[in-house]
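The chain below stands alone and is given as structure tokens, in the form predicted on its own.
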Amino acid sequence: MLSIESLSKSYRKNNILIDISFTVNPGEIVGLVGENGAGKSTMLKILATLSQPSAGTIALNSLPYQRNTKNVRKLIGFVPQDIALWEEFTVEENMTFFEKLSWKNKTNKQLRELCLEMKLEKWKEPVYTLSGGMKRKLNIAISLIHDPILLLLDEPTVGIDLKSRKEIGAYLQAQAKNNGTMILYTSHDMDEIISLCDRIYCIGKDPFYYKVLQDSGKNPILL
């Protein structure tokens, strides 16, 4: 389980996150929604150990972040908003490059199978020739090379076609169900959040997202 207790983050005098507490359980996809600037990306960066909180505690499977950063990182996959790929490399070359930086060793066959599971059939083609949806799939595949138990996804389907979005959603649901992966997911697409997520947290002061989710029959939790 991922447990966040009384988390706060400030930049100088600007309070981004104030006293946030929530949990994510194994096999659960949890949505995090809110207006721009509410702190969603900041939250994910803190959970990915890329930024430090100003206050509060975080534990992953009872392993405290503060004293176990290196070990915690081995359990996390993080997909930022911006696509982070080597455009001149092929899909295969990207996968093998990041595998060498990974905490786990995977064979070329295993890497290929991971892409195929996501319906990313391109392999020898350079990344710059891929569609936006295929690039997003490759970004996610790279984050899963080391079999993380927690997957952090910051708007992973923004700007891509509906077919790719549906395929990514189906894959993530299977990943959560079959492997018990904990997934924390941010998006401004409420239809996507409603269909994909088991639970939804609203962050920030804007009541718009909270009302949209309530009207859909979901029971969002206001952080």
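Here the structure is a predicted model, which is why all the values come from computation and not from measurement. Residue numbers run from 1 along the displayed sequence.
Below, we turn to the form predicted in complex with a small molecule, even though it does not appear here.
- Exactly one listed residue, out of E167, E155, E192, E28, brings a non-hydrogen atom to within 4.5 Å of the small molecule in the predicted bound form: E155.
- For the options I20, L213, V24, I16, the one in contact with the small molecule in the predicted bound form, meaning a heavy atom within 4.5 Å, is I16.
- When contacts are judged by a 4.5 Å heavy atom cut-off, G37 counts as touching the small molecule in the predicted bound form.
- The small molecule is not drawn, but in the predicted bound form it has no heavy atom within 4.5 Å of T181.
- Although the partner is absent here, Q81 sits close enough that one of its heavy atoms falls within 4.5 Å of the small molecule in the predicted bound form.
- Using a 4.5 Å cutoff between non-hydrogen atoms, H188 counts as a contact of the small molecule in the predicted bound form.
- Here the chain stands by itself, but in the predicted bound form one stretch of 62 to 70, 192 to 200, 169 to 177, 39 to 47, 39 to 47, has heavy atoms within 4.5 Å of the small molecule.
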